[in-house]
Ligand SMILES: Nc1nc2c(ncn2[C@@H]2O[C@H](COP(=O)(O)OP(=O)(O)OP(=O)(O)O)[C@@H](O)[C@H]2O)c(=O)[nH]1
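Take a look at this one chain, the form predicted on its own, written out in structure tokens.
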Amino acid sequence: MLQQKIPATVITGFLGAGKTTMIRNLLQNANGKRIALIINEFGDLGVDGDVLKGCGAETCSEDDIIELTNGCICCTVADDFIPTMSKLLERENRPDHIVIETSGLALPQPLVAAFNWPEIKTQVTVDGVITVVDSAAVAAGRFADDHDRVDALRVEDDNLDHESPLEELFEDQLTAADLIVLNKTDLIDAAGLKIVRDEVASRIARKPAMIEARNGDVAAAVLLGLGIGTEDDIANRKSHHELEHENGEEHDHDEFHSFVVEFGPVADPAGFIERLKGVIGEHDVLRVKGFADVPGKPMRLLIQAVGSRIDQYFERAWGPGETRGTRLVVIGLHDMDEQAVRAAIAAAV
């Protein structure tokens, strides 16, 4: 029966892990397989979809790329995902494979469970859930537990909330995985890679396959064709939030906050990037992504920041009639001072 269904691959992973880059590589090496993409972003600016639409892959046209920017896909399954899948399946020329890129803040479990809806289950199966990990961030201890520090703080403050939403989310995405891709291994040495492997393995009871990658470069044959049928095993992959649901608590994303900053041209991109690093560090911004308008340049500058590590390159030419400008999505924890960050970014231009 699985052979008759369209396989769907869910690609998840924390902010800035390299999901979009990996999908772009996948599309460019799909060996003629027609792929439909569903992209979900946390925030109002569809940056990832815009990047993928410019990848030039013949097997994935702009009509095959569907963006969901109304919120986290794990919270809008009934309103957004199910109708989107239904329309996709009604097409005369149906895709050979469906790839779903979740937001970096999404829980994969509710999405996978949605494949058990009757109108979806008879036509599509989850080929596998792939979780992409930023190896450099993990090696730097971004998700490491410091028990001594927690104990010291507990003595100082009896009311301290010791549960980090970032660590919880990291564990939830790993728990859902059929394949874990340790990405950005070129940024760490062998000792650092061992730390990452040990840290990731310690976070989950299940033992999915784990591979290494640089710049999201993973063969399409590895990513597509896992043949898991993950929707039938969802009961063994419950997230922290799903366990809370069992106690009647509702899932939300109140621990995260995002907004869009828009302004004019950036005359000194190198200087702006350096000053942006300072803004990110001072205000503990998790993620910045978007495009900048550089005067005199026919192409727009893509900016992707994970913590203070910022990648930039001229990604594509501004289109005819396209309004030039700079637009950045900023993502941080719920207590991030939006107005202060906006002012700091404006001062950095």
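Numbers for residues come from their place in the sequence shown, where the first is 1. Remember, predicted model here, so these are calculated numbers, not experimental data.
Another form exists, predicted in complex with the ligand; not displayed. Remarks below refer to it.
Answer with one of Q123, N215, S86, N116: the residue that has a non-hydrogen atom within 4.5 Å of the ligand in the model of the complex.
Answer to the contact question: N215.
To test your reading of this chain, name the stretch in 99-107, 225-233, 268-276, 198-206 whose heavy atoms come within 4.5 Å of the ligand in the model of the complex.
Comparing against the ligand in the model of the complex, the contact stretch is 99-107.
Please run the contact check for V306 against the ligand in the model of the complex: heavy atoms, 4.5 angstroms, yes or no?
Residue-level check for V306: yes, a contact with the ligand.
With the cut-off set at 4.5 Å between non-hydrogen atoms, does D186 touch the ligand in the model of the complex?
D186 belongs to the contact set for the ligand.
When the contact criterion is heavy atoms within 4.5 Å, does L15 count as touching the ligand in the model of the complex?
Although the ligand is absent here, L15 would touch it in the model of the complex, with heavy atoms inside 4.5 Å.
Looking in the model of the complex, any heavy atom of K289 within 4.5 Å of the ligand?
Heavy-atom contact with the ligand at 4.5 Å: present for K289.
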